[in-house]
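The form predicted alone is given below as one chain in structure tokens.
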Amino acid sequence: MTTPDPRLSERVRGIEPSGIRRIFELIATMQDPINLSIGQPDYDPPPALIEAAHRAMLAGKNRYTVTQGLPELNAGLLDEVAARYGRRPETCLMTSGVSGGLVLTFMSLLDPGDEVLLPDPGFVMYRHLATLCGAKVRYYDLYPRQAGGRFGVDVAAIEKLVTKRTKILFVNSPSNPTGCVLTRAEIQGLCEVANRHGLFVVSDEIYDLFCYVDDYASPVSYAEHCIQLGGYSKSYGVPGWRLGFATGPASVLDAMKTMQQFTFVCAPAPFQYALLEAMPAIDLMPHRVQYRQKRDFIAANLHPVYGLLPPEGSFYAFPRLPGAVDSATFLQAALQQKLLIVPGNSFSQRDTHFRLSFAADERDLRRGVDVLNDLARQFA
């Protein structure tokens, strides 16, 4: 990696390149890798969606939409959120993926010196966006509080982190990287903390399709000031289409819309039209069943030394490193057997776990488990 140019802005010099993206570059140099690092579904998009996008392009629907997205798509989204969570957000906005929604949310809410409460472990983008905004990060712990326990939150501990400068309480459930789904009681408790202190709850719900527990809860149901971020990229198998959404209070969403006018302009137009046409007839539930089966295979066959409980959601697992091995040594040993995984310290202040994705075909899952079990015997 080149030495940073001192003429670059301080905000960008404070951001490290993504370790996950470096793995993408590494894949291109390998023959027949076992890729359990990828953060996108391994299935193809529904043919009806592809055909609808094709028709939209041929029909000339390739120009800008209004900034907030197609009105019919927005109205349908608000209806769906109200039906699922019992509360209808004031307004919504189509975004350039959830990543685009995150940028707009942080830029619209955070000033230098403000504080944001982020989960640890958590997706790498969150803390870097806070850095871009000049905000201070305070981490709340998701790690199990006893051996063999589940990832989750201690609501009382989170409230102790709140100061006069705290503005955002951030939630990601189902979680990347842990696969944790917060219980309804945990979600309600977090929202009560936020409501008491006048905080915005920002909820990243991009993996909501991939939820393997019966009672999925969203902060939309409980938070007085909730910015919900979701999307279609993961569930419909189209991560490259960059289609996300934000819902929430008009006072914030209007600011995000203005910010979008001068950044992303609008979400990709033909793909908005494709969703509007094809989405009502597409059944995604078979993919949830398929990924639950992949989850069950990983949990049942991975060596016990990894201490893995079945992930409750997403398509990630976050096993413990075996024995006393450090992540650099473990990942290098995995790489020697062509296995690609992501070190846990890419997501966390700790260096005790690693992330694997089970969004892979059956052959790679079996090969990956065989390698990991071999490494368990080597390092435990």
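Each residue number is its position in the shown sequence, starting from 1. Keep in mind that this is a model prediction, so the values were computed, not measured.
Below, we refer to the form predicted together with a small molecule, which is not included among the displayed structures.
Query - the small molecule contact at residue 200 in the model of the complex, heavy atom, 4.5 Å - result: Residue 200 lies outside the contact set for the small molecule.
Query raised in the report: Any of the heavy atoms of residue 99 lying within 4.5 Å of the small molecule in the model of the complex?
Result: Residue-level check for residue 99: yes, a contact with the small molecule.
Query raised in the report: Can you check whether residue 138 is within 4.5 Å of the small molecule in the model of the complex, heavy atom basis?
Result: Contact check for residue 138: no, nothing within 4.5 Å of the small molecule in the model of the complex.
Query raised in the report: Does residue 233 reach the small molecule in the model of the complex, with heavy atoms at most 4.5 Å apart?
Result: Output for residue 233 is yes: heavy atoms within 4.5 Å of the small molecule.
Query raised in the report: What is the one choice in 123, 291, 273, 106 with a heavy atom within 4.5 Å of the small molecule in the model of the complex?
Result: After the contact test, the surviving option is 123.
Report task. Sort through 242, 184, 167, 150 and report the residue having a heavy atom within 4.5 Å of the small molecule in the model of the complex. Result -> That would be 242.
Report task. Mind telling me which stretch in 73-81, 279-287, 263-271, 201-209 gets its heavy atoms within 4.5 Å of the small molecule in the model of the complex? Result -> Correct option: 201-209.
Requested in this report: Kindly indicate whether 89, 91 and 221 are, all three, within 4.5 angstroms of the small molecule in the model of the complex, using heavy atoms.
Outcome: Zero of three within 4.5 Å in the model of the complex.
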